[in-house]
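Okay, so we've got a single protein chain in two different forms coming up as structure tokens, structure 1 first and structure 2 after it.
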Structure 1
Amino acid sequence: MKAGTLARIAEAQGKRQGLVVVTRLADGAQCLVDSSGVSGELQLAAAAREEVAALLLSGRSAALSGEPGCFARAYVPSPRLLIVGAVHIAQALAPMAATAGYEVTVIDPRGAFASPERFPGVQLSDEWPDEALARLGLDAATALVALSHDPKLDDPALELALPSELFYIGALGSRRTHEKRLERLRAAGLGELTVRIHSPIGLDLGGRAPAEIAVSILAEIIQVRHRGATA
């Protein structure tokens, strides 16, 4: 592996960008593939470039059938979970999601809610959701859940989330609450995108306790990440 390749992997890490390194196993020749194209000493056939593009999305690593004897190693960002509303369910969801490999940030400008006592060891933001989301960036490896029950917090987050690349958007609330929310989002011109919101949030496991609801939400996020939104 060339020093330049090592540097590019580190750069992709820092920027939360995906990258694939393809290696010809016979002699170690390599090329790098990212969203801007292919670079390096190894040439790839068109079929192999398509395979690599799919791996860049899924994050899987595999031998290439379109370029026999070559192995593609995908490096993709860790999944992230942004939780709007430092509520009781969030207290259960944040550590569960961290255990499942997610980088978690809890966003709530109300200091009494987003306190380190209530969220030991969790990354907290006391910004307004629109400020926090603009700073954190909404990429395709990130999920967002709006749990605050307060339209002043949930709505600005959803307005930024809906047109973004986020792989999962969920919002807590009863059917009636959600109907009202949809009316507001339609009025904001986001009507067509509101089908992206998972509500009622979470898989229907039947639980009612905050921790049980957190399991439902995390299970749905994992399902969408691996099986797609139509699962």
Structure 2
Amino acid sequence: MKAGTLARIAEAQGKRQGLVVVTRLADGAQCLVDSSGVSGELQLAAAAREEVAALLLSGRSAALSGEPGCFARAYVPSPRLLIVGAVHIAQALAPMAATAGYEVTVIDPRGAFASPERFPGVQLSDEWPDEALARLGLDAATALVALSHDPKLDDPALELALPSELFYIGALGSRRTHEKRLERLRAAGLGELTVRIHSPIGLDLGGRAPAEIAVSILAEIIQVRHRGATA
């Protein structure tokens, strides 16, 4: 691999940014594809660009049907899940997500909730959500779920999340609760972005127990990561 390409890969990984390297196997011509576009000597057809965009989202590598003879190698950061609210659902969701390959951080300034005893082996933050998210960064390989059911915690997180590159944003609450949330976010000038919020959160699997809700949330996150928000 060319030195310049290796440098770009290292830079992208350091910034937790996804990058796809497309190589034409016949002569080694390459192009690099990230969220900002395509660069390099290899020109891609529109169909191939769509394929690469999907690979950039999912992190998979594959031969391109839209560009015969070309192989796309995806370099993407490990997926992360940021959970706001150290509640019962979070206790079930955190280990499930970790098993599925997500780096999990639970954020809650309430020490009685975000304790190692309740979340063994889970990375915890006792910062206020806006402080924690500003420190952790909100990139395209990260999902955020607001589960505290407390506007003082959930709203600041959502206000930072909505304009970001996060691939998934979900918030716990009934339809009535969510409508009140939307009113507050519209008042904060984020009305057009509120369509990004998945609420009621999770796929409708019918379960109501905390662990069942956690399964539905993780299922929806995985679905959006691999198929997009309109799946």
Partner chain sequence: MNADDDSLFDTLRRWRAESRPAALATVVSTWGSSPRPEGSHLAVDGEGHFIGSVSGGCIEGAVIEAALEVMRSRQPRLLEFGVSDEQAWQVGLACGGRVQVFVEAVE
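The structure presented is a predicted model; accordingly, all values stated were derived computationally and were not measured. Superpose the two forms; the largest set of C-alphas matching within 1.5 Å is the rigid core. By convention here, residues take numbers in order along the sequence of structure 1, the first being 1.
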In this pair, it is the form predicted in complex with the partner chain that is given as structure 1
State in degrees the rotation separating the positions of the smaller rigid part between the two structures, with the larger part superposed on its C-alpha atoms. 29
What is the Cα shift of residue 44 between the two structures once the core is superposed, in angstrom? 10.2
Value in Å for the CA shift of residue 15 between the two structures, taken after the core is superposed: 3.5
